[in-house]
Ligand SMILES: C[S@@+](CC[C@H](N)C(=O)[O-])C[C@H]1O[C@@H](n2cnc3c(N)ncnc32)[C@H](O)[C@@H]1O
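Consider the single chain below, provided in structure tokens and representing the form predicted alone.
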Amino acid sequence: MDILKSLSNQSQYSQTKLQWIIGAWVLASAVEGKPKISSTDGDLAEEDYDKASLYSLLYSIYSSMGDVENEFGVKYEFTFNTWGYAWPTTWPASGIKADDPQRFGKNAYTGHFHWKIIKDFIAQKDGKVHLVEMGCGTGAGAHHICKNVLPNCTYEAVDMQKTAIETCRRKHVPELNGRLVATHANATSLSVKDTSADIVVINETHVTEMVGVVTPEDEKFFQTAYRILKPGGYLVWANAIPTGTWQASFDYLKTIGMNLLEVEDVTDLAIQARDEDAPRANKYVEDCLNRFVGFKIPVLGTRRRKQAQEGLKNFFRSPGTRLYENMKDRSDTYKVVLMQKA
């Protein structure tokens, strides 16, 4: 079974189903040939996986884990599937606690609104702005913004993964008295009304990943963001992507009517965050892997466990992985961006 390509983003896999899926993946290694996931740095080639399948697996695992403990014994549910960055000392204080297990993810969302331009825009509307997030994951960032950053806003959180949206509806939506809506949809073909959003949020969304290229899928994604923004509305975007793709993206966005206002490179702070977060991430990976009996199968299970371990760590950009090294050598850079619809 190829779990990297064969799972559906329309399905939510229970712990029991996940046991069968992982078990089948372990047994399939007997005839697989060269493994797709590197057991040394977790590298996974773009052509070797389908993002819908991969994210379906990851969000189902996260949901099945429930509450876990970090390295200090603090309980939390893993909902910020976000690398984030250490908070810049030159920015106004974030208000996020230094011992929060998911502080770096919260930093990433809070950082979208540190610019004076966006603060003034929101203040002019008494905070009553409507946000749409394209690729929200579990909606943890949406919840954080609604509760702690923009307490008078309304927010529609959109993601293509059913399991992620179900987590948002279970954990985050009920707290916010109708201010947060979770929508299961592909962001490239949203039914959100034209010119309905004051602000579009893109936070570490799985687009613009080809080096120096804006793909047709990326174009549809950006066109949707432009379409749903009100004239004069803002796009806030943060991610770690191939360095050469940033300018290609800015150039394309300019052609459809988006003006670049602010951009800040926080790559060094993203590396710092991964260094500081490594003990928590490593413990979470071990807690996940220990749940699956398939990894106890002699020889095959041990081999697959090592691939899964390094693959998950790579997904978290943990030190020693390929994605971490991409930031270290700056083939990937993490930037925080503010753009405006003309």
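Please read all numbers here as calculations on a predicted model, not as lab measurements. The numbering used is simple: start at 1 and walk along the sequence shown.
The form predicted in complex with the named molecule exists for this protein as well; it is not shown, and the discussion that follows is about that form.
N81 is the sole member of T245, T110, N81, T163 with a non-hydrogen atom within 4.5 Å of the named molecule in the predicted bound form. In terms of contact with the named molecule in the predicted bound form, the residue from R291, K51, R303, K283 that brings a heavy atom within 4.5 Å is K51. Contact with the named molecule in the predicted bound form, judged as any non-hydrogen atom within 4.5 angstroms, is confined among 183-191, 146-154, 267-275, 226-234 to 183-191. The three residues I241, R322 and N326 each lack any heavy atom within 4.5 Å of the named molecule in the predicted bound form.
At a distance threshold of 4.5 angstroms between non-hydrogen atoms, E219 is out of contact with the named molecule in the predicted bound form.
Among residues of the shown chain, F316 is not one whose heavy atoms approach the named molecule to within 4.5 Å in the predicted bound form. Residue contact check for C136: one or more of its heavy atoms lie within 4.5 Å of the named molecule in the predicted bound form. The closest heavy atom approach of V214 to the named molecule in the predicted bound form falls outside 4.5 Å.
Of all the residues from 199-236, those having a non-hydrogen atom no more than 4.5 Å from the named molecule in the predicted bound form are N203, E204, T205, H206, V207, E217, F221.
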